[in-house]
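Just one chain is shown here, as structure tokens, and it is the form predicted on its own.
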Amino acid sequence: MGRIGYIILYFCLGLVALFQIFPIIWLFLFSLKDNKEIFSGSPFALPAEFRWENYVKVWEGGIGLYFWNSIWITGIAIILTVLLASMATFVITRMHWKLSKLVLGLFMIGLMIPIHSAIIPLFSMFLNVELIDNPWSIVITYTAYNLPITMMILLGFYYTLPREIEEAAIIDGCSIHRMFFRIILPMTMPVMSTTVIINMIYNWNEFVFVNTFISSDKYKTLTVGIQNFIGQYMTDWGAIGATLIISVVPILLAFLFFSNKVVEGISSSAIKG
């Protein structure tokens, strides 16, 4: 490709990047306005006065608690999902037993079930075991629903791991559990980074399950807590914009620091698969 071709390519990539970044910049400026300026002025105009108090208002209004709830619920669900999916994928791909293909098929059926089609059965089940208005109902739901897609990403990598490593470990007296945690799991870190990001995006942004299973403010996450700034007669749109910016920052930071790992994981999984 000649110099002109590279110029055109980078110009097109720059336009795509601009279209991707513009909504975030617009939302940030939106979060620094009050209702009067939002509805009376141009939507693309800079704020006449940067109202940083919108961020103070939402933080004092309970967003700090919702932010913390989102962090620990998302974190625990990710750890459980990735660990259980890694263990299940290891057993299915690296061990020989008659029902391995059947079990794998049962897990993959989960990809065909609409996510929110089981809200009523789940609500009834959690009600019977007294887990309604309990954050563990959310953790369990996230873990169960993310297992199939996480396993599907891991499968291609696990199928082509060299068996000589396992054979050498067994000859040296290594148990199955130790071999998995000390040898196999560290080898899959690149592809695991991809599954962590995918799980984080879903868990962090999920709304319906939290809104259905959680009623107490002390257990709500950011996506549901935004509703506190929507009133019957008055809605503080600047505060909602500030809340949305706060909720977007962790996802942006995750991509900023782990984007290379994600690309590496996808590439290695595709090549090995």
Partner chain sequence: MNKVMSNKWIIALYVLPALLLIAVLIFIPLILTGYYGLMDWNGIATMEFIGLENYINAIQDAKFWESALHSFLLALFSTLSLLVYLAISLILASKIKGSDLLRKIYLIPMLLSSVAIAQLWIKVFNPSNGMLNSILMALGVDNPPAWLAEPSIVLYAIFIPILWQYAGFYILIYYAALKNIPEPLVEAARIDGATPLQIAYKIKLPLIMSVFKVTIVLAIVGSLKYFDLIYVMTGGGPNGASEVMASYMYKLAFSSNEFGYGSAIGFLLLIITLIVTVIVRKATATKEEIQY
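Residue numbers count along the first chain shown, from 1. What you are looking at is a predicted structure, and each value in this text was computed from that prediction instead of being measured. C-alpha atoms forming the largest set that superposes within 1.5 Å between two forms make up the rigid core.
Omitted here: the form predicted together with the partner chain. The next part is about that form.
Participant: Answer with one of Met189, Ile183, Ile79, Ile119: the residue that has a non-hydrogen atom within 4.5 Å of the partner chain in the predicted bound form.
Facilitator: The residue from Met189, Ile183, Ile79, Ile119 that makes the contact is Ile119.
Participant: Find the only residue in Ile153, Ile73, Leu161, Met179 having a heavy atom within 4.5 Å of the partner chain in the predicted bound form.
Facilitator: By the 4.5 Å criterion, the partner-contacting residue is Met179.
Participant: Is there any non-hydrogen atom of Leu32 lying within 4.5 Å of the partner chain in the predicted bound form?
Facilitator: It does not: once the partner chain is placed as it appears in the predicted bound form, Leu32 has no heavy atom within 4.5 Å of it.
Participant: Even though the partner chain is not shown here, does Gln227 get within 4.5 Å of it in the predicted bound form, heavy atoms only?
Facilitator: Residue-level check for Gln227: yes, a contact with the partner chain.
Participant: Contact with the partner chain in the predicted bound form for Leu65, defined as at least one heavy atom pair within 4.5 Å: yes or no?
Facilitator: Leu65: no, not in contact with the partner chain in the predicted bound form.
Participant: When the contact criterion is heavy atoms within 4.5 Å, does Thr195 count as touching the partner chain in the predicted bound form?
Facilitator: Thr195: no contact with the partner chain in the predicted bound form.
Participant: For a quick check, can you give me the residues of 60 to 87 that have a heavy atom within 4.5 Å of the partner chain in the predicted bound form?
Facilitator: Residues within 4.5 Å: Leu84, Met87.
Participant: Superposed on the rigid core, does the Cα of Gly64 end up 2 angstroms or more away between this form and the one not shown?
Facilitator: False for Gly64: its C-alpha shift is below 2 Å.
Participant: For a quick test of reading the superposition: does Ser40 move by 2 Å or more at the CA between this form and the one not shown, rigid core aligned?
Facilitator: Yes, because once the rigid core is superposed, the C-alpha of Ser40 moves 2 Å or more between this form and the one not shown.
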